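Given as structure tokens, the chain that follows is alone and in the form predicted alone.
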Amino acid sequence: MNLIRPYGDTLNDGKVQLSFTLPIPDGARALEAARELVLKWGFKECEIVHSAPLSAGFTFFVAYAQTEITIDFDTVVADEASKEAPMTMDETDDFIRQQIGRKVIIVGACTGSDAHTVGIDAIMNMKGYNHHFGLERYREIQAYNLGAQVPNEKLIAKARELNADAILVSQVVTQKDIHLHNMTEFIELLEAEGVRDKFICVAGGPRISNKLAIELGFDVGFGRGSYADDVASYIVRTLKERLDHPRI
């Protein structure tokens, strides 16, 4: 067993920092309410070290507390999109030339009413993000970024028009589970048109997990910390496997 616990000053001391908001005005009672709430969560020796009013009747808190809970790290199984290490841009281009023999076509958009392009741009735009070039920079990939607030019907129509290999669906806004509605509708539309198996369907966003994406009918999901390298590597490897073993 490999039991681990958070620590702040000393290894395994269980010290953590929490932040949260309560719908109450700032003041002495608010501080005590926040402290008692943290203790009810099972933490020990809680101290509210900061509070600030956000607006009328709402207060933000920062708490220091201690937990006695541990976890056996040896039993942890990660929700990974792929267990294989991502290829670099040049390695992916070489893989496409040698293993696929033609350019790979990828279409992507931020769908529904979501107006945030930061996610889809980080993956697709030529400049990419954090020193990782986007798919438009790859020589052997034809990437089409349709932007934000794109209806699912339009994204699917464009993918069919281009005979795309993969479709990327970016979802940033998750209030009231709007992302679940958009993602579910996307898959249902593909199935209704009888073309679900024609595309590698990739979902992405800061709160998208691989497990969630698969549960909703996608092939894979990429969350926070993912780059174009991860997405491109998965797509080309999956495409190669499908070309070698066509679905009946």
Partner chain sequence: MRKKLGLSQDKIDEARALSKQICTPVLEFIDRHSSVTVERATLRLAGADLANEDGVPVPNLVVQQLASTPDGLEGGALRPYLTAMVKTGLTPEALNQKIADGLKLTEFSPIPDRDLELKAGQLIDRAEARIQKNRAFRKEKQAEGKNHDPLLYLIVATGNIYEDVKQATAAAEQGADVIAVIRTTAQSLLDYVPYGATTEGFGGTYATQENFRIMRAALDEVGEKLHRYIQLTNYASGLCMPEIAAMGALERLDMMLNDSMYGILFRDINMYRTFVDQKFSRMIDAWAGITINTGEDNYLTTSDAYEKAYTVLASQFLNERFAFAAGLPEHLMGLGHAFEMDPSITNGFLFELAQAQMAREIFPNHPLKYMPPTKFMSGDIFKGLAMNSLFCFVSKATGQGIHLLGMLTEAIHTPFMMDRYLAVENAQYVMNAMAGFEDEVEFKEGGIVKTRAAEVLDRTLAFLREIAQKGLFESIAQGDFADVKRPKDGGKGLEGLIAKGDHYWNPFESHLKRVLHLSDGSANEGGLQ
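Positions refer to the first chain, counted from 1. Here the rigid core means the biggest group of C-alpha atoms that line up within 1.5 Å when the two forms are laid on top of each other. Computed from a prediction, not measured in an experiment: that's the story for all the values here.
As for the form predicted together with the partner chain, it is not shown, yet the points below apply to it.
For residue 180, no non-hydrogen atom is located within 4.5 Å of the partner chain in the predicted bound form, even though that partner is not displayed. In the predicted bound form, the partner chain lies farther than 4.5 Å from every heavy atom of residue 44. When the partner chain is considered in the predicted bound form, residue 52 lines it closely, a heavy atom lying within 4.5 Å.
Residue 152 falls outside the set of residues with a heavy atom inside 4.5 Å of the partner chain in the predicted bound form.
Taking a 4.5 Å heavy atom cutoff to the partner chain in the predicted bound form, the contact residue among 75, 163, 175, 98 is 175. Residues 60, 113 and 121 are all found to lie within 4.5 Å of the partner chain in the predicted bound form, as judged by heavy atom distances.
Looking at 206-214, 185-193, 31-39, 65-73, the stretch with residues near the partner chain in the predicted bound form, meaning non-hydrogen atoms within 4.5 angstroms, turns out to be 206-214.
Of all the residues from 126-154, those having a non-hydrogen atom no more than 4.5 Å from the partner chain in the predicted bound form are 127, 129, 130, 131, 149. The Cα position of residue 22 differs by 2 Å or more between the shown form and the other one after fitting on the rigid core.
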